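This document contains two forms of one protein chain, each encoded as structure tokens and listed individually as structure 1 and structure 2.
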Structure 1
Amino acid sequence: MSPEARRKPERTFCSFDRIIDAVAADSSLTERLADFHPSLARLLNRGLHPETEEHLTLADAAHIAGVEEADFLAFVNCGAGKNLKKEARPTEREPDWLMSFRRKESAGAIPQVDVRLELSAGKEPFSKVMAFVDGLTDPSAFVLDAPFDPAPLRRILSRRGYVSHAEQSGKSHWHIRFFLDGAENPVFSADGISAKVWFEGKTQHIDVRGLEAPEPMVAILCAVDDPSCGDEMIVHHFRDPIYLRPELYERGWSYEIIPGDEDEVRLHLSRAAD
């Protein structure tokens, strides 16, 4: 595509912006992303399920392609070259439930669904996965095999009460274990950080106590940047996160300290009115 045919993006995009918004702003981006990485080509060319489309961010696309987010954003925003650095992705922490899960899995007691063939054939796997989950006799645990870590799907299933752990077992093979953990759900950041999340009425709560800096701030910003986030949130923190305030302000959010338990600093986050 000639430079003249490429439409200049309407704004600069960041990691947590949706890929559909970036594509809408730059008419050449679909073709460039499809040419950039085969997994992105399959995602974009097959037609995304509306639920996946709503949640797929540029950070997710960078992880699917296995490159550094900063370089990928430069590629999206400025048309930078394709020689991007490979992503140095940290291994996810092993949750407490994982050892017991693996024992049951080894005994053949955990149902599995594999979407690698569907994706290689250019088919949309979201409907297959959700139908599989809905049809489980015992929905407490299952395993998903995929060619990449499906971060949007993990976020969607977290709203059903599933925590998850992803493990790469080959170049194009990810093994994702899902475990139904009551009302506490994880928020997944671009770095695989998770924090406990639940709802009281329509208000979302996030507990970042126990995470090491800068993980609490990353988890909170992931939560407010999620497209499905509402206009307020309660954060359970171990201190007043003074460096969080300017980051929230840039995103149109503010917070105040409200009464909480003895072992926490409780914050009320609110989105500024348009």
Structure 2
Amino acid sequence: MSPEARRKPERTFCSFDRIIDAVAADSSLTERLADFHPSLARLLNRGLHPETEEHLTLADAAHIAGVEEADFLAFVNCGAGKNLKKEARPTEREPDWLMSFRRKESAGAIPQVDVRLELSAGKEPFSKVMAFVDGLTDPSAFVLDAPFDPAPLRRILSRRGYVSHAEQSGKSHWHIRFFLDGAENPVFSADGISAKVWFEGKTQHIDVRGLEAPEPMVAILCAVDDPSCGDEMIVHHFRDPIYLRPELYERGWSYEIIPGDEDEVRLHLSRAAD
């Protein structure tokens, strides 16, 4: 039996599975990760913060490591691709708020937090960042310096209403700008689809009106697939999205139409009880 075959975990992991589960299923994974992304491996070795542990998916890990998601999954599932190639990540589209943000930043008016030292020492930086955010006197904007683009942290902070923009300023230096954009903010999506999401109480709302097919479906599924998504969601659509049904059922969700405004079809999505 080849070493690759021996490494093969008992189950096949997909993008939205947590990395902690993959590591638990394959003890050699942390060691193999160290070969191409030391920071990620150090994090896993020292133990993740419970919040990060809950949210760090394999897709995030691939994003952080800067490799193709499919290659990374092959690496995790069958030990393939020892020499994972880093992909040239496209520069993020600059949001409207970035120009004024940069001006304030140049004037020294934006608080900053740097977690590169913590990560190089193998420390979990999540608590430091959250304590920093909680302690901000003006929480409207801040900057994070990190050795990689922290996708799960950006997602977690988006639940608090933060939009963000990441820029690589060195080989192991990412500069991530966070901006509190009122009550609404775009879905954090790699596909560049901007649907508005917000919370009413504990229930997430997503408004996909104005998007062209199949983007409403993709935006909703992005939100549903997000590991931090709750068990229900309200969708503001312009019609009954019948294409969505099979995809939701596939994920163990269902929906019903509930009364909404005149110009919308409002859907109540709920995770089916097993």
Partner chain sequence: MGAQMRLLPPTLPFRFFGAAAVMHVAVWLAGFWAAEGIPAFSGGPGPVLAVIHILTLGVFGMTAMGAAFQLLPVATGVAHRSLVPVRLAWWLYLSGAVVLFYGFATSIHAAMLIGGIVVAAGFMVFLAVVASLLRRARTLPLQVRFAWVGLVSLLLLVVLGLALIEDLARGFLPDHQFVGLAHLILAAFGFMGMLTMGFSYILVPMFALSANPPGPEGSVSFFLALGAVAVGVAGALVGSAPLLGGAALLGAVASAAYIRAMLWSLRNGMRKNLGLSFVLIKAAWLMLPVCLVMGGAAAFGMLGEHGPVLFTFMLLFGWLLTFLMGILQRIIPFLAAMNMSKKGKKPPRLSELAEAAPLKIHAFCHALALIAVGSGIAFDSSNLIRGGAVAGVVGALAFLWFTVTVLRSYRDYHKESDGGSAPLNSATPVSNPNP
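Rigid core here is just the name for the largest C-alpha set that superposes within 1.5 Å across the two forms. When a residue number appears, read it as a position in the sequence of structure 1, where counting begins at 1. No experiment lies behind these values; they were computed from the predicted model shown.
Trainee: Two forms of the same chain here; which is the form predicted on its own?
Mentor: It is structure 1; that copy is the form predicted on its own.
Trainee: Superpose the two forms on their rigid core, then report whether the C-alpha of residue 61 is displaced by 2 angstroms or more between structure 1 and structure 2.
Mentor: Comparing the forms between structure 1 and structure 2, which are aligned on their rigid core, residue 61 does not shift its C-alpha by 2 Å or more.
Trainee: By how many angstrom does residue 239 shift at its CA between structure 1 and structure 2 when the core is held fixed?
Mentor: After core superposition, the C-alpha of residue 239 moves 8.1 Å between structure 1 and structure 2.
Trainee: For residue 260, what C-alpha shift in Å is seen between structure 1 and structure 2 once the core is overlaid?
Mentor: A shift of 7.3 Å.
Trainee: Check the Cα of residue 28 between structure 1 and structure 2 on a core superposition and give its shift in Å.
Mentor: Superposing on the rigid core gives a C-alpha shift of 3.2 Å for residue 28.
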